[in-house]
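In structure tokens, one chain follows: the form predicted on its own.
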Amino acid sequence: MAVSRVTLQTPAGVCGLFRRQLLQPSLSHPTILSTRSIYGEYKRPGQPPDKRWPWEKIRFDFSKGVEGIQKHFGLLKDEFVGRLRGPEGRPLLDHMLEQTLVQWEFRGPESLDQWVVSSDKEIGGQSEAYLKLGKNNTTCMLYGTLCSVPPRDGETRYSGYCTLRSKQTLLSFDRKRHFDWSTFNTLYIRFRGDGRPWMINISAEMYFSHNKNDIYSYFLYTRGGPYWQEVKIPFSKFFLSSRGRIQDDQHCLWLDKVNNIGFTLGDKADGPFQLEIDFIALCIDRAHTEEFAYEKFKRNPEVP
């Protein structure tokens, strides 16, 4: 069976005109720039994109600028004085001999300002989470309702989470302040819950920007009831994950570059929940000698 080949011939003038229209911009139709073409479209569901120009987002106030300068220079002064006194502003002897350090405790309304509560309501979900002080203003109470129904936006497939996360502390001129937990090996928490499993997340500073979503996680099981629980979790048990996925290449947590800590609930059990925290501390367990609980791959394996 023969197949015939048809060749389409076009005049040279038409091809040249078509080529000029592709390569040369037309003066009769000037190019119109918009915020969407320059900055791209904000794809996060549940919130409209910000189409303002960069200069429209600037709100300058001279008095606030002077207050900001005084604040940052005051913080810079405290940094220099604290370094002369010892690590993290404490005497060197106390830093070397301390066995337990309470990093977060809840003893007043100002202690709640160090934390941020979020849920899937930010992306259009129906979960709700709130934070308040417990009885006698000595504990922190995280409560709300979990709902795993995804929003009807055509993009989000899974939903149903609530998170309590400590704020990133800042130094002078908005520089990140990292916690140095290198002298401790165990996380010590006193809490009581309603029987739900939680996830403890620790975020550390990384060298590269593409690792900004890497966190170290471990499980926190609550038994419910009116009795308090005291849990000690070694830092060697925390495993590396990114965007909710456990990584194959595991490595230890950098305890000298810790940014914040958080608690996440996402057990897909719809209904009310509550978690009450007394304090979050660090301690040294002399009996624990494990460096890392998970397998680490050799980047340069030995050749026999």
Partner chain sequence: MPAILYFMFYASLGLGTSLTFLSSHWLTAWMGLELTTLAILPLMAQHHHPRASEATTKYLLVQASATGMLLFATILNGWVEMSWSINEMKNPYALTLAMSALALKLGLAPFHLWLPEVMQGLDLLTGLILSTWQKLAPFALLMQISQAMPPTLLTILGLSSATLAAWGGLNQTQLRKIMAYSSTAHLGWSVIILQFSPGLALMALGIYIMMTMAAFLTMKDMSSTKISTFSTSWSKSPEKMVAMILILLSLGGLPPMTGFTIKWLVLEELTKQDMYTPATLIVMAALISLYFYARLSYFTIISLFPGTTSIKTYWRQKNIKDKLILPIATTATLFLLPLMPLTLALTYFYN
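Numbering follows the first chain given and starts at 1. Please read these numbers as outputs of a predicted model, since none were measured by experiment.
There is also a form predicted in complex with its partner chain; it is not shown, and the following applies to it.
**Q** Report the residue, out of N213, S182, S111, T169, that has at least one non-hydrogen atom within 4.5 angstroms of its partner chain in the predicted bound form.
**A** Selected residue: S182.
**Q** Could you spot which one of V149, L76, V116, L92 gets a heavy atom to within 4.5 Å of its partner chain in the predicted bound form?
**A** The option sitting close enough to the partner is L92.
**Q** Examine E56 and determine whether its closest non-hydrogen atom to its partner chain in the predicted bound form is within 4.5 angstroms.
**A** Flag for E56 set to no.
**Q** Answer with yes or no whether F173 is in contact with its partner chain in the predicted bound form, where contact means some heavy atom within 4.5 Å.
**A** Result no; F173 lies far from its partner chain in the predicted bound form.
**Q** Using 4.5 Å between non-hydrogen atoms, is D61 touching its partner chain in the predicted bound form?
**A** Taking the distances in the predicted bound form, the answer for D61 is no, it never comes within 4.5 Å of its partner chain.
**Q** Does Y130 make contact with its partner chain in the predicted bound form, using a 4.5 Å heavy atom cut-off?
**A** Close contact is absent here: in the predicted bound form, Y130 is far from its partner chain, nothing within 4.5 Å, heavy atoms only.
**Q** Of 117-125, 159-167, 94-102, 67-75, which is the one stretch near its partner chain in the predicted bound form, taking non-hydrogen atoms within 4.5 angstroms as near?
**A** Residues of 94-102 come within 4.5 Å of the partner.
**Q** Let me know which residues along 118-145 have a heavy atom within 4.5 Å of its partner chain in the predicted bound form, or say none if there are none.
**A** The stretch 118-145, when checked against its partner chain in the predicted bound form, contributes no residue at the 4.5 Å heavy-atom cut-off.
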